[in-house]
Structures are given as C-alpha cells and as structure tokens.
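A single chain, nothing else alongside it, follows as structure tokens in the form predicted alone.
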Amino acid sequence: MESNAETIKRLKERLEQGHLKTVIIPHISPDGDAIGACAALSEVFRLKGMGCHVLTCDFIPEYLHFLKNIPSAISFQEKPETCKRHLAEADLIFMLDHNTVSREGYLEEWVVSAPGEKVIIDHHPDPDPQAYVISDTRVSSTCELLYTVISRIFGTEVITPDVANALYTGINTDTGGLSHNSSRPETYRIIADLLELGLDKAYIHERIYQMNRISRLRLIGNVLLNKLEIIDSYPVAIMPITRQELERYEYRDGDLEGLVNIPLSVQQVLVSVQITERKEKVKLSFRSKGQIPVNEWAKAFFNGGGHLNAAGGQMELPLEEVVQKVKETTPWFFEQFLVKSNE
C-alpha cells in the first residue's frame, strides 16, 4: 500500500502540471473540521492562481461563515446545475474530512460520474479507493493532516494568517477544544507552527465560542433542563430533540455544536448521545470518555461510524423509535466494549 508521503509526492506532481480546475467538497452537515479544511485548501489554491470552487450538499453553519472563501461556497440545494457543471469540468475533486462518496449526500451521483480524479484527505478509518488517498486515523483532525499536505506540496509560505486560522478552527472544533483525540505532541507542534505563521487564536475562540444568540442559549438550556436523561443502570446520557423544539427556538445550522459534550462533564457519565429529529432523518451524535469506542455502537445499529470518542449516525425512523433503539442496544454495547476497554 502506498504511504501518505508517496501519495503527497504524486499529488504535488499532478498539481504542478498547472491550469487545473479543482472542486473541494466537505461531508454532509459539515462541521468545523470539514469547513476549516475547505477554507484553508481553497485559499491556498487561490493564492497559487488555481481555479477552485467549494461545493456543499446542503448548507454551512452560520458560525463558520467568517472563514475565508466560505461565504462563496455553492450549495447543491440552491444551485444544482452550477454544481453539476463544476464537477463535470473539474480535473481534481478533493473530498475533505470524509472517507466515502456516500457522505456527500445529493452530490454523490455527480461526483461518482465526474471524470476528474478524486482526492481523499481524511482521518476516518477505511477510506474508499480513489486516485489519491491521504489518510491518517492518528491525527486529531483533517485540518491537522492538511497542514502536512499543504506544507509538503507548497511550503509553509502559503500558510497565511487566513489559512492558519482555518486550520486551527478544524483542529480546535474536532477535538472539543483540545479535550479529546488530542494527546499527540505533533498536534501541539503544528498549533505552535500556526501561531508563528499568523494564527489569531483569540479571534478564532471568539468566533467559535462567543457568538451566541439568546435563542441558541435557550434551546441548549431547554435540552439540558427538560430532555437530558440518564439511562437506568448505565453511565449513558441521552438528549432527544424534536423538530418542534428546533423551530420553537429558531434553530440555525450549528446551534447544537458542542452540546453533546456537555453531559460528559458529569463524573459518572461515560457516554453522551444526542438524538436530533430533522426533516428527513433522525441524526445521532455519540461522544465518550477514555477508550470507549462509540464508533462501534454507531456502526452496528445506526448506519454510522467515526472515531473512538466521537461518532455519528442516522436513522429513517420516528424519533421515539430511535430513542428506544439506543436504550435497547445500550446493554449490548457495554457488554461488548466496556469490559474490553477496562481489560
């Protein structure tokens, strides 16, 4: 199997051919890591004079619109024909922070049929085979991995303050503010490099954590006060959220960011599960402490997967049935994995 270093070398040679059209795609319901990576890579391509478009299946959370080039991203839901045209014309299609085309929602069909070569840069396990696959499950985030890719291909001189801010946004948000999946010394060496290259850490923290609206605080307060439940006999917190509650509190994309981590602040809680009813599906977010592999739970029952301590899933069932399924599978999960994690 080709190493990341070898793949990066091949990708560098391809990019040096010049006059390339590129498309960058995050996963469906993109988070800070996916959008930080899109912002960083698109800005590098812009600085190098390369044609580039960021395409999304749905919409980017409002709190991430401060990142460079993100306000100009094109949503398939708003401009499907424009997205199709850019995909058909692209020489390279970059798949950031996801390991399979199926994580691209409405874009999947058009990405699969596009003639351009696909490039995966990601930190999730078991990536699809594509022309270029740069994957490392050890890193904190795709943005940490992307720092290495950009540095080796273009040098650190292209990492402007805007690029550094975008990369740090991904590292920070994907680790819950460096609280999980962030014990590698290399992660902090990269953050130190970003600071030297112009990262405005205080500004990023302000944009991510200090831009709340009253309606968002009330939504989170309602969930914690009225919806948070601890499963009997197990250290699992669940938080079911209905569509009606989202509407009542004027929900915007990104308003629930970080909520799933809050129950883990309780000493006795080892796993937190947020269950959110959306228009077409019920979405689940899993978080855990220590070596408890919630990605296995998400994969086994909820059409999902992810990392050891942070995973997601989705179900086309009523919210009440999904909540019941979480409760019913809790004993199985702890019998299978909690005992192993303590051995």
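Numbering starts at 1 and follows the sequence shown. Keep in mind it's a predicted model, so treat the numbers as computed, not measured.
Omitted from view is the form predicted in complex with a small molecule, to which the following refers.
Ala311 is the sole member of Ile70, Cys57, Ala311, Cys52 with a non-hydrogen atom lying within 4.5 angstroms of the small molecule in the predicted complex. The partner is absent here; in the predicted complex, the one residue of Lys118, His180, Arg216, Arg103 having a heavy atom within 4.5 Å of the small molecule is Arg103.
The small molecule in the predicted complex is not approached by His86, whose heavy atoms all lie more than 4.5 angstroms from it.
Under a 4.5 angstroms non-hydrogen atom cutoff, the small molecule in the predicted complex lacks Thr276 among its neighbouring residues. Mapping the unseen interface onto this chain, Asn303 counts among the residues with a heavy atom inside 4.5 Å of the small molecule in the predicted complex.
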